[in-house]
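We begin with a single chain expressed as structure tokens, specifically the form predicted alone.
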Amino acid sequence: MELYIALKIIWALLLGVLLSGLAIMVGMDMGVGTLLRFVGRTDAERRTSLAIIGPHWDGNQVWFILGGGAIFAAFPTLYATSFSTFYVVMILLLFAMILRPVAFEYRSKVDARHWRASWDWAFLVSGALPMIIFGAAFGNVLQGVGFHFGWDGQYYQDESFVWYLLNPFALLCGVMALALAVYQGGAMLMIRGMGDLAARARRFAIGGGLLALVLFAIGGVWIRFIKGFAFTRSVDPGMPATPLGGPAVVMRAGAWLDNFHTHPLLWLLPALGACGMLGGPLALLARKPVLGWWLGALAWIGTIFTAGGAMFPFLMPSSTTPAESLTVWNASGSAYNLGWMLGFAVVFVPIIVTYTGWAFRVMKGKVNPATVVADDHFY
């Protein structure tokens, strides 16, 4: 039983790691796509921006697959319920992301201004919309999601997806996620871009980082007034993996701060995020974009683990039937499943990190617009 509980906790931490990798790597590419029309004033500058992330963007999608795969394998009840609850939102996300590879493939196939401008808009939509949805999902989960289970374990949705997507706190989280993506993308354009392109990217990145910091602070104050979730009594972490018949859960304002009051060391997580959001723009002002990029990664890690630290052990609380909220304890797979998955993760996650670092190291250096224009193989 102790091993099973340990595996549940390990996978909760791994889920945070995988979501952080997704936010950092995929968010960087989304940020470049969002900025494309603004930092690139000429076709050569826009093609250069795409060439900067072109060798990496499809490889970075592995973090998207890893995040979804981890939820599917480690927390199957969470996977089934969340993907059903946010079904329409997921469709919007997939349609937006489908635009990206098509835009990369077809943008430069026709040497016509309107043709390429249309695909530049596709990059903007496929960059900004997924990041807003990613952040809004965190905002919605923090407020609780309207669902419950029938006597037979069947899932029922109780609220419209429009509320999930458009409520003010979720939109704040979505804009913050987009701001961090713009920061991360701008830092990468500074690292590998030249001249005016890098200078414009610097301005947008600094603005994105500072906006994220302001929204992070507002969210920190706002969360005190949001009704969080808490158990009314101590629970057994080794409870059966079913949301039915669980312990009572209460909703009350400020409940998401309980873990921070109980374990003061958790305050280091939001401090980490805030330091990344403040230190990153300062590094870019000092023209140290590599340091700025890593501080942006630190901001993402601090933000995601702050949300996780506040919610633990809740994964997807139910606002309509709090006692049927999904948690690390009641939504996980079997001990056998978690053990095998951990073995694969220990082997393959370091491999992914290693080859990603190798790819960036091999393809480092400035991208010259003249080289891009002279070679039809570039984007």
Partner chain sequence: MIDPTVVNLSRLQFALTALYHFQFVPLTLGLSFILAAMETVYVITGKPIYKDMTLFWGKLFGINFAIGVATGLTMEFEFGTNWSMYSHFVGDVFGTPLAIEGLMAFFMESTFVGLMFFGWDRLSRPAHLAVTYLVALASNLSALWILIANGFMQDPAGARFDPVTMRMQFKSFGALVFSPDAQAKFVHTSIAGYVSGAMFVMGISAYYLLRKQHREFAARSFRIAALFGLVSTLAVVTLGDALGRMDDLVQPAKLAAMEGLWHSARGPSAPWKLFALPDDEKQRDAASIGIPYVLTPLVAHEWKTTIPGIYALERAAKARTVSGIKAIIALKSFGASHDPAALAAFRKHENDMGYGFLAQRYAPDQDLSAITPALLPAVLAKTARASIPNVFVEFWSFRIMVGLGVAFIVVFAFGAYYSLKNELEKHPLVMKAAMLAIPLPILACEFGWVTAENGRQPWTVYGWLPTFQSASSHGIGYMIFSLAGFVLLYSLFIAAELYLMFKYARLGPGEHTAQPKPLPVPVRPVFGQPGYAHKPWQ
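Positions refer to the first chain, counted from 1. Please read all numbers here as calculations on a predicted model, not as lab measurements. Take the two forms, superpose them, and find the largest set of C-alpha atoms that agree within 1.5 Å; that set is the rigid core.
This protein has a second form, the form predicted together with its partner chain, left out of what is shown; the following refers to that one.
- A single residue from the set Met97, Leu172, Val250, Ala217 has any heavy atom within 4.5 angstroms of its partner chain in the predicted complex; that residue is Met97.
- Shown without its partner, this chain lists Trp267, Trp294, Trp121, Phe72 as candidates; in the predicted complex, only Phe72 has a non-hydrogen atom within 4.5 angstroms of its partner chain.
- The stretch from 147 to 155, 272 to 280, 299 to 307, 130 to 138 that comes within 4.5 Å of its partner chain in the predicted complex, counting heavy atoms only, is 147 to 155.
- Contact with its partner chain in the predicted complex holds for none of Leu3, Asn259 and Ser318, as no heavy atom of theirs lies within 4.5 Å.
- At a distance threshold of 4.5 angstroms between non-hydrogen atoms, Arg287 is out of contact with its partner chain in the predicted complex.
- For Asp236, no non-hydrogen atom is located within 4.5 Å of its partner chain in the predicted complex, even though that partner is not displayed.
- Contact check for Trp222: every heavy atom lies farther than 4.5 Å from its partner chain in the predicted complex.
- Its partner chain in the predicted complex is approached by Val102, whose closest heavy atom lies within 4.5 angstroms of it.
- With contact defined as any non-hydrogen atom lying within 4.5 angstroms of its partner chain in the predicted complex, the contacting residues in 53 to 70 are Gly54, Pro55, Asp58, Gly59, Gln61, Val62, Trp63, Phe64, Ile65, Leu66, Gly68, Gly69, Ala70, given in sequence order.
- In a rigid-core overlay of the protein, Gly153 has its C-alpha displaced by at least 2 Å between the shown form and the other one.
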